[in-house]
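Read the single chain below, which is given as structure tokens and is the form predicted on its own.
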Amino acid sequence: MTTDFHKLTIAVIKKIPRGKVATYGQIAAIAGSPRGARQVVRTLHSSSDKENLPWHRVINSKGMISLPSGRGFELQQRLLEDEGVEFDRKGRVNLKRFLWQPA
């Protein structure tokens, strides 16, 4: 069963532009459930391929990729760097510069 939150989450993720990132919590809040970050993770896991989501643009609130090394981390970082997103030496994205700010 697909919930309204699930549908809204997909719609929000699809709007993240190239060269920008959004956090799990930010997406949850925009979709109407400020405490629903884990549900955003589930949506990404279950729907990224089926919905052709730009999953790589979603990171954690610390500005870091949550996927572990060897299990998607390197691919996500490469995809973001290909779009111009920069990482510091500790693997963080400068959220002041690259965080998506929807209108």
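We number the residues from 1 along the sequence you see. Not measured: the values here are computed from a predicted model.
Form predicted together with the DNA: not shown, discussed below.
- In the predicted complex, no heavy atom of Q77 sits within 4.5 Å of the DNA.
- Residue contact check for S47: none of its heavy atoms lie within 4.5 Å of the DNA in the predicted complex.
- Interface membership of R92, defined by any non-hydrogen atom within 4.5 Å of the DNA in the predicted complex, is confirmed.
- In the predicted complex, the DNA sits within 4.5 Å of a heavy atom of S61.
- Taken together, the three residues T23, Q39 and L67 all come within 4.5 Å of the DNA in the predicted complex, as judged by their closest heavy atom.
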